[in-house]
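What follows is a single chain, given as structure tokens, in the form predicted alone.
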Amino acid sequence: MVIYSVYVVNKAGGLIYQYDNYVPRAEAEKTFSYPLDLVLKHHDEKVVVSFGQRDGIRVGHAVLSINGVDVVGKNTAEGKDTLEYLNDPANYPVSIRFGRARLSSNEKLMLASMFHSLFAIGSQLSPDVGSSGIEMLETDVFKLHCFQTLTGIKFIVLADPRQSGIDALLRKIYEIYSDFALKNPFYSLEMPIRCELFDQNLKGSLEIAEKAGNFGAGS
């Protein structure tokens, strides 16, 4: 079983901690001749495929590297615009690696804030008072699990749909937060968590949960 990532969101909707435990990298690399038989465009500071699919390359995949050198945002390692570089016949043949780009820090902050808003909307849409808000969202490839404390801190885990024991794991993460963040004299409430003991204990708990398929008695 796989646990993909952990997010901690404060009561104002700000992301105060994020850890990627496992990020699947579906990548494809191919050598192309001119002209390129894929349509590329700029999107969110990246160069992505907007049309054409082949050999494991899909619409939405980003250009990750050119000739073995990583692409930085919309530019090559030399600072040239990637689209301009790939539109120049003199640069061919060229080896391009495509894949799903990792979320940037700003994107993670934005998504955490959006989920905070959705959580509040879920509570307000409830036909009865005292709704807990969104506790789980399910897709075909992962489940998002959320546990909100009485003080409004949200602990979010993204995991394989078959992973069991997530409720117990969420409460274990809350326990780790209480022991190693809240009790840290240098930690300020609602601020980003930067604590080595918190990191170590969180990673250990995730490893136990993955190996066992669940976490804790009765989970």
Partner chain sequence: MSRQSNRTTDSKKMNSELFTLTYGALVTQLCKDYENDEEVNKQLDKMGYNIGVRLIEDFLARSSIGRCQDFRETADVIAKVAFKMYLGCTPSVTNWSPAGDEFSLILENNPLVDFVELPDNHSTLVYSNLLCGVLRGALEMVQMAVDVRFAQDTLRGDNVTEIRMKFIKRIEENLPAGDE
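Positions refer to the first chain, counted from 1. From a predicted model like this one, the values you see are computed outputs, not experimental measurements.
A second form of this protein, the form predicted together with its partner chain, is not displayed here; the remarks below concern that form.
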Candidate stretches 157 to 165, 38 to 46, 172 to 180, 56 to 64, one within 4.5 Å of its partner chain in the predicted complex by heavy atom: 172 to 180
Using heavy atoms and a 4.5 Å limit, would one call F119 a contact residue for its partner chain in the predicted complex? yes
Residue-level question: is I153 within 4.5 Å of its partner chain in the predicted complex, judged on heavy atoms? yes
Taking heavy atoms only, is G14 within 4.5 angstroms of its partner chain in the predicted complex? no
Contact of Q18 with its partner chain in the predicted complex (heavy atom, 4.5 Å): no
In the predicted complex, does each residue in the set P185, S188 and I208 place a non-hydrogen atom within 4.5 angstroms of its partner chain? yes
Contact residue in the predicted complex, chosen from N106, S95, N87, S131 - any heavy atom within 4.5 Å of its partner chain: S131
If you check S113, N91, S126, T149 against its partner chain in the predicted complex, which one has a heavy atom within 4.5 Å? T149
